[in-house]
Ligand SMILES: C[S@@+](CC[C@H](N)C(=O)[O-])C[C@H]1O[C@@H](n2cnc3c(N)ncnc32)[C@H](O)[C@@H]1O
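Shown next as structure tokens: one chain only, the form predicted on its own.
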């Protein structure tokens, strides 16, 4: 696939620099995710390329930053991702109860059921690599909670549970382990010298504390829950969306062979019913063996569903590996031109260096530059009549797109 030269455009990246943890909705921090977008950047992109009442698509939703910001800003949203972990976390954020008290009440109800079920949970069939992360009693409670939440289809509390699954800190469920990716840290925290770190950790106090943190900042708007959304667990190569029904696409496709989305979430995926993360990893577009052909189909789908005259904005990373730098933005721009027969035009690229503090793996040099590729779908010469919707009414837009 040939690349396309794209003009470099200036962008005031000062609009999203600095730590956003103290400014963004606490729902963004519901569960960790490798390589997730910065909410401040997404906020700026939504302000620039959409308006209130628009229908925004994120076909690679990951941790749900774009869908959540869209809802908070009054845009209807459709999100999709092939990963069960991404699907659950995104749906968990968007379906969060409107108040802390409602969420805590639901959690207490689940925990009461956990108290009854967990003593009957047997660990004989659990893989050893999973067992090694938890005190047996903690594992029984965790397994019971996942079983109950699956039956209740409570994605918010499931996402909360995934968010406290493993970490070094005492507020998490596992023995000392890394936060983003599941590796035990027994060398740094030897069980012989620090046995207290390997004792029973109760689920009750930790889950309730996690729910409290989810509502720490800011309070949800009184209109929360009124803006429509839909989340799919599908491959972006085949979207269940009507042609030319989307007002804007804002997404961050997987980086070209740079991140291992399935391996890095393998413990969380196991609790979600994925016994072998390797099979999922082979299907994910990030796999460099399938990246170009799969992204070609994905971009063709994005072109199909996007309305003429509207924008597709993709956050991409230049990837340096094996002595070669892949300019992903130019690669995708070339794909877009080819599959759309010139209808998707690259208006420009904004570049932003990724500070080391924002990396999931510090001091790595795989991705150093983040680029925002702006594509615009040409308006038709003879514009066909589009469905008429009131500007602020998003329900009709979503219903039309999913018809």
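Model, not experiment: these values are computed from the prediction. Numbering follows the first chain given and starts at 1.
What comes next is about the form predicted together with this ligand, which is not displayed.
Heavy atom distance at most 4.5 Å to this ligand in the predicted bound form, all of 92, 110 and 163: No residue of the spot touches this ligand in the predicted bound form.
Heavy atom within 4.5 Å of this ligand in the predicted bound form - the one residue of 256, 261, 229, 134 that qualifies: Checking each option against this ligand in the predicted bound form, the one that comes within 4.5 Å is 261.
Among the candidates 336, 46, 55, 65, the residue which, in the predicted bound form, approaches this ligand to within 4.5 Å (heavy atoms): So the residue touching this ligand in the predicted bound form, by this definition, is 65.
Heavy atom of residue 252 within 4.5 Å of this ligand in the predicted bound form: Answer yes; at least one heavy atom of residue 252 falls within 4.5 Å of this ligand in the predicted bound form.
Residue contact check: residue 121 to this ligand in the predicted bound form, 4.5 Å heavy atom: Output for residue 121 is no: heavy atoms all beyond 4.5 Å of this ligand.
This ligand contact in the predicted bound form: residue 235, any heavy atom under 4.5 Å: Contact with this ligand, yes.
4.5 angstroms heavy atom contact with this ligand in the predicted bound form for residue 83: Heavy-atom contact with this ligand at 4.5 Å: present for residue 83.
Stretch in contact in the predicted bound form with this ligand, which is absent here, among 143-151, 176-184, 194-202, 74-82 (heavy atoms within 4.5 Å): Looking at the other structure, the answer is 74-82.
Heavy atom within 4.5 Å of this ligand in the predicted bound form - qualifying residues of 29-44: Contacting residues: 33, 35, 36, 37.
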